[in-house]
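Presented as C-alpha cells, the chain that follows is alone, the form predicted on its own.
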C-alpha cells in the first residue's frame, strides 16, 4: 500500500504517514522505483499510533509503548501508568483554562462599561493595563 492509499484508508493525511515514517515509527519497504510500500503490519501500527494520539499519548509515549511490545512484554502496565500521568496533566491544564476563562469573563464585564481611549506615550490599551492593576491590587 502506498502512502496516499494508507492515509486515505485510515482517514488521515499523507503528511501524517510521512511524519511517522520519518520518526521511524513506521517502517515501510522501499520498492525498486523508490516508492514506499506499507504492509498490513504497518497499517495496524499506524492505526494504533493514531488511536494512541487520539487518547493524548505523546510520540515519546508511543515509542515507549512500541518498544515494550517489540521486546515481547505486555505494554498494558506502561499504558495504564502513562494514561494516569496524562490525565493528571490534563486536569491541571483544565483547571488553568477554567481560571483563565474566569479572568476573561471578568475582564469582559469590566470592559463593557469602560470608555475607549486613544493610546498615549505611556499607555497602549487602558483596558488591559487597568485590568492588570486591579488584579494585582
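Numbering follows the first chain given and starts at 1. All values reported here derive from a predicted model rather than from experimental measurement.
The same protein also exists as the form predicted together with another copy of the chain; that form is not shown, yet it is the one meant from here on.
Enquirer: Spell out, yes or no, whether the shortest heavy atom distance between residue 117 and another copy of the chain in the model of the complex is within 4.5 Å.
Expert: Residue 117 belongs to the contact set for another copy of the chain.
Enquirer: Within 4.5 Å, heavy atoms only: does residue 94 come near another copy of the chain in the model of the complex?
Expert: Heavy-atom contact with another copy of the chain at 4.5 Å: present for residue 94.
Enquirer: Applying a 4.5 Å heavy atom distance criterion, does residue 72 contact another copy of the chain in the model of the complex?
Expert: Yes.
Enquirer: Is residue 87 near another copy of the chain? Define near as a heavy atom within 4.5 Å, in the model of the complex.
Expert: Although another copy of the chain is absent here, residue 87 would touch it in the model of the complex, with heavy atoms inside 4.5 Å.
Enquirer: Is every one of 17, 32 and 60 in contact with another copy of the chain in the model of the complex, taking contact as a heavy atom within 4.5 Å?
Expert: Contact check failed for every one of 17, 32 and 60.
Enquirer: Which residues within 47-66 place at least one heavy atom within 4.5 Å of another copy of the chain in the model of the complex?
Expert: Heavy-atom contacts to another copy of the chain in the model of the complex: 48, 51, 52, 54, 55, 56, 57, 65, 66.
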